[in-house]
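For this one, two forms of the same chain are given in structure tokens, first as structure 1 and then as structure 2.
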Structure 1
């Protein structure tokens, strides 16, 4: 470490040394973390180092950092590594990086800790660079180094580099432990080509290793090989929470939502308490199924076990309630969340957008910005789709402009989709067409589909024909596109074209879909198809629905225990 406080320039740019000294004086005195819980002072370890291990947030680490500088303890190289570690554990990666830079001769521990920080902050490329620097420094990588570098490789699908690391591990004669094994499997199974190697790695390890087996299960699932994963999972003797949650997450990721809920239920009946990942995945499955009762049950379960609602779980709850049609519950969860990140704001804004509450979306957007959270591209998808549902063309333009020029976000195809939809619905077809032509990338079927829908709505056969031509190129087998065009021609009185299209649909046996909505009663999902009025039990369902509403008012969550 640098030897004096004056030359100690670890702070991010904008802080001068004199400011730092003043600041140190201000923070060094007030409440330090849990001083009363300190172990006895007979210990040889200096008090600030003990404190460092007890820090649970950034402010505390910074205070102890100040003490380390004042006491000169920072000058011992080992303490520099400890400080770095503390910044990584409280997820302040800028301070971690500055601390690392201020260490003059970082040892393997410092390198490992910094690599871990870079992986946690989703900078795997930097972690890989640091690994090369470690080798250039002539240091000898250890088991931790290999675990982290393999993790970085799997994050960027660097199969080639990963193989090289694998070779180096073998050549170095390191005895690979369970962690290295599971990291190798993760690395190889980040691409479908590597799965065979992953299987071989597992086969070459004699001990029973649940960690590595879980990794291979996740690998199969990430490559869509659900059957292989399930087989391996069923044969697993010691299933831990990670094994279960890998299955729940894997089913959800592969769109098999019902299976995800079934295995989640099995997890609970096997007396394994679900971890955060399993809760989030199963809530995601509920959201996609519209299974409000099951979602509410999971919410009640979380409350019952007294788990603190984390940002991640809270966000998954918001999304579930919003997608299951219960925006009020979503908003309640949102308001009660002690911490929110940009994803939580995105979930609630998109939720209100789905429900057509544009004004509320704008209000939330302002609150978010006022709270110092920087909107990302997803926030604008929510805002623009709210504009389009409400028909606010000028507001939509305003936000689109703000996104590009004020926030420097490059519009994605989804943003263009919202704008085309917005302009098209409002009948401003020439503007919509101009926007499509100005797009930097090639318009996809979503864009042309929205445009065709708008042309049909406003009986613009010339432009509609253009959209239809593009759609037949992009999606030649989608019956829906032909159907829409057929309706457009029929409405415009062009009977010849309309019948031509109808014969295309029947001759080629193209499938068309109909609008479907569903409600869930007593754990069973009932579907209603647009245009049909005689669902076999619709009267009964209506009566049950009324009863459910009454019950909900009386006991809130008590009725939903489907498991």
Structure 2
């Protein structure tokens, strides 16, 4: 009969910790005369520690945690670090932090693991504080420490602190290291002021380094320097999937959606398999272009290569289908997702909201809460937006109150904007004005813009003038605000004021947003902007338009002529 240590030494990889925990209890014996004959592996590493490396979820880690406490193994600092690592691996950062705090004298490994967990949990400030504590404890940072702390600095644009870390790296005599120096490039390029420093770090490499150059490409793109990024990308000798992904993501973030899809197609034609970031960015580009056919093709490609629909990819697909007008496809993706987080729920609720399906939004909200997912700020923006489109004023009030008092979420500008829009569309302008005046922070142009739009809709010139005054103070050069006010005056019969507004727009050369329409034909998105002739086939389009007009005139004549 095997001992517990032997049992875990021979634990089959396909079995979970919870199943084998019972087996361990069954085979355990109080004492063994031949303990010295146990396999050397199990004598060096206690069974629960071996188990920690096999755990795949939170419950399994908790069970092994209990074994460590009962056996007293938890008292060894090295085991506390391993337990901490297991909690970070299963993304339970509260338990990870509690475990770290229980370690009397954490070593560098424990610090690094906790810093990594804090960065993964979107808590970079706390990671920086932990780094300071590591130094105060007299510990010497290693390469992993520097990689994590630089990542935290880049996430919060802590350029000053990042420079201090760079100074420590130089004093420590660390030679150009791919990961540390790539993190340095990321940190410096998180700020436009640091790009020159990022270029100097890259120049420190004696040979071509793709990873470091990828970091600088991403840095250029994050600061809007698209041409510099493209030049470095084109000159890159060994492009990997991260190189292509950086360009696809960068084009998308800079609003160059068509270019993003072009580079994505080149990536595929170069026989480079796209990573998750490239897939998500290309789907985002499709969503913003309304390129449904291309979005469907990318979805089919994901299915064809057998890629797992992760939460991130699934959410991107939902957003793409919803924005491209195919809400049923979005819902089908949502239903089939094996895992969903609050962002996935937010995407599908917002999707149904923009499609005017308020009842479905409320149903999904109830399902989400029943499933144990706590709604966040974005969820309530979607719900309030649904109420606004449907004209459900009282329901909107109910959800707004629930957000504040039941879930403890402080209303943001977006939430107030939704409520102002809701009340404005319903013609309850006095309530909308009262809500604006009661806001704890100064209303921005989004709030006053929504209020002005409502005043225009209901021809309330007095309140519209109030909104317009605030808007001209906040955005004195916005032609769109003047244009909206001019329409309001014209609708109310105040032609003199409407003429004055038009004169102001003309004399000051204020730009107004032009109407844009697009159509997708054979996977290519054709965009048309009002007042411009910028299409390569505009002559053919105008000839066809004239032909259609002539046919319509002939048809009208045939209707008018009596038989």
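Just so you know, these numbers come straight off a predicted model, no measurement behind them. Positions refer to the first chain, counted from 1. We call the rigid core whatever largest set of C-alpha positions still superposes within 1.5 Å between the two forms.
Only structure 2 matches the form predicted on its own. Here residue 394 does not count as shifted, since its C-alpha moves by less than 2 Å between structure 1 and structure 2 after the core is aligned.
Once both forms are fitted on their rigid core, the CA atom of residue 472 lies 2 Å or more apart between structure 1 and structure 2. Here residue 299 does not count as shifted, since its C-alpha moves by less than 2 Å between structure 1 and structure 2 after the core is aligned. Per-residue C-alpha deviation between structure 1 and structure 2, core superposed: residue 50, 4.0 Å. The rigid core superposition between structure 1 and structure 2 gives a CA shift for residue 488 of 2.8 Å.
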